[in-house]
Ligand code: NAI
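Next up: just one chain, as C-alpha cells, the form predicted alone.
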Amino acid sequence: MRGFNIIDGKFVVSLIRGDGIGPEIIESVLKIFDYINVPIIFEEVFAGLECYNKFGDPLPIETLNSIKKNKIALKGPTTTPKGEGFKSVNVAIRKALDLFANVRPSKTIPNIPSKYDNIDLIVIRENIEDTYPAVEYYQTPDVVQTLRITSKQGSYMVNKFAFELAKKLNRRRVTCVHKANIHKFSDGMFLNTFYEISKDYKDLVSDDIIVDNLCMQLVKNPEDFDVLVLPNIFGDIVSDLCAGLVGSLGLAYSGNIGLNYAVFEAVHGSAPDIANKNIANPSAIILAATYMLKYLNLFDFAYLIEQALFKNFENGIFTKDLKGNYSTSEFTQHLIKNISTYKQVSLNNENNKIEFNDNKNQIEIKDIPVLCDSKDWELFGVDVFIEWNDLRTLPAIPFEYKSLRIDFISNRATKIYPDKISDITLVNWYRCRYLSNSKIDINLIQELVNEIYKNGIRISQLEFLYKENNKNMFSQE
C-alpha cells in the first residue's frame, strides 16, 4: 500500500472530531468500530474553531504531521466563521496535503424519502484550484477581485482520476461539467484536458455539458448521468444538489484523495445550532467511515456497517432531520443492534487481512504533464488596472506612450472606450489595455507606470499580455 502506518496488524488513522456536532457524530463511528473490532487505531488530533479558541491555530502543524505520517484521516465537521478572515480548515487541509480529488457518491438509499428511486452518481470535484485558494484583493475601496486559478497539471490529475475511478468501478460514462462557453481559457483548459485523456478510455462514453444545463438535467433526469468531473466551485454546488436528489445533505459523504494521502468526512457543516443536543444525524460520517474502510480494502467491515445503517432506515429509525424522533445515541444503538443480527465479521476472515501490496481500491496517477516551455512567449502589452473616482470623465492617462497605445478602456469588463457606453453603472475601477504592434521590453511598461503615477492615479494591478506563436495568451473584451 502507500506506506500506511500499521501497528500490530491495525491501521493507524488520524482522527479529527471537529466542532459543533462533530464530536457527537464521530462518537457514533467510534462505538460502531469498537463493537465489531475494526482493525484501526485512532490517533486523535485537533482542528477547527474550538482548536483556534484554545490554541490560537485552527490547523496546528501537529495535525498535518499526523495525517502525513498515517496517510489517512477521518474528519468531523469544522466551523468556518463567515467573513472574518478565518481560513477554512477543509480548504487548508486539502491544499497542504494536495488532496486534488473530492469524491462524493450520491446514490438512492432504500427507505429514504426522495423524489427519485434510481440515482447512482459519482461527483468528482477538483479540490485545490479555482476560486478556493481565496486569492482576493481590494482593487479600490469599492471593488474586490477574486482570482480563479486553473492549471494544466491540476486539470490533468482530477480528470485522469475520474477516468481511472470510472474504469475500476465498471461505470459506463464520464461527463465533464464546465462553463467553457464563457470561461474560454480556464474552463477551456479543463475541458480540453478531459478530452485528451478520454482517448485512452475507449470503453467509456466521454462527453461534456455546461454546468447550468447540467443542473436542469439533473432535476429532470438524474438517472441519465453516471460519473461527473467538475472544477472546484461547480463541483461544490452540484454535489450538494445531488445530495438533495437522494434525500438529504445529512447522508452526503466524501473522500478527499491525493497521490499520497486521503481524508474522509461528512459533507455537511458543523451545525453549531444543534450541537450538544443529541439530535444530529450521524449517517453521513458513518458512510464516510465506510468509504475509508473500502479505501483500506476492509470491505467486509464496510458492508456490514452499511447493511446495519440501511436496516435502521428500513425499520423507520430516523433522526430529526429525516422527520424522525430518534436521538443521535439511540440511532447509533439501533445500528449496533442491527449488526448483531448479521454474520459477525472476524479479523481472521481472509477478505480482511491487511495486504501490504494490495492497491486495488487506490488509484495511481502517472504521466503528469511537465511544465510547458514558455520561451516562445513574447510581451506585447499590459492591462493597467486603476482607480479613477471621477465617473463623469475618462481616466486621465496617456493614450499613447512610445510604441504602446490604448486599445480599450473598460469598467466592470464592459468597454467604455473607444465605443463609449453612457448608460451603464460605473465604478471606480478601470482596466486600461495598452498594446504594441511589436514585441516590447518590460522596461517600457515600467516607464508607462511612472507616467501614469505622475498624473496622481493609483494603479491597483498590472497584467502582462503575451503572445505565443502569434496567438494571444490573453482574453478579449
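No experiment lies behind these values; they were computed from the predicted model shown. Note that residue numbering follows the sequence shown and begins at 1.
Here the subject shifts to the form predicted together with the named molecule, a form of this protein not shown in this document.
Mapping the unseen interface onto this chain, A280 counts among the residues with a heavy atom inside 4.5 Å of the named molecule in the model of the complex. In the model of the complex, the named molecule sits beyond 4.5 Å of every heavy atom of K71. Using a 4.5 Å cutoff between non-hydrogen atoms, A162 does not count as a contact of the named molecule in the model of the complex. Taking the partner from elsewhere, G244 is found to have every heavy atom lying beyond 4.5 Å of the named molecule in the model of the complex. Though the named molecule is absent from this view, in the model of the complex it lies within 4.5 Å of a heavy atom of just one residue from T290, T175, T150, T79, which is T79. Note on contacts: among I197, A271, L335, A262, the single residue with a heavy atom within 4.5 Å of the named molecule in the model of the complex is A271. Just one listed stretch, out of 362-370, 198-206, 154-162, 271-279, contacts the named molecule in the model of the complex at the 4.5 Å heavy atom level, and that stretch is 271-279.
Although the named molecule is not shown here, in the model of the complex the stretch 314-331 places heavy atoms of just one residue, D321, within 4.5 Å of it.
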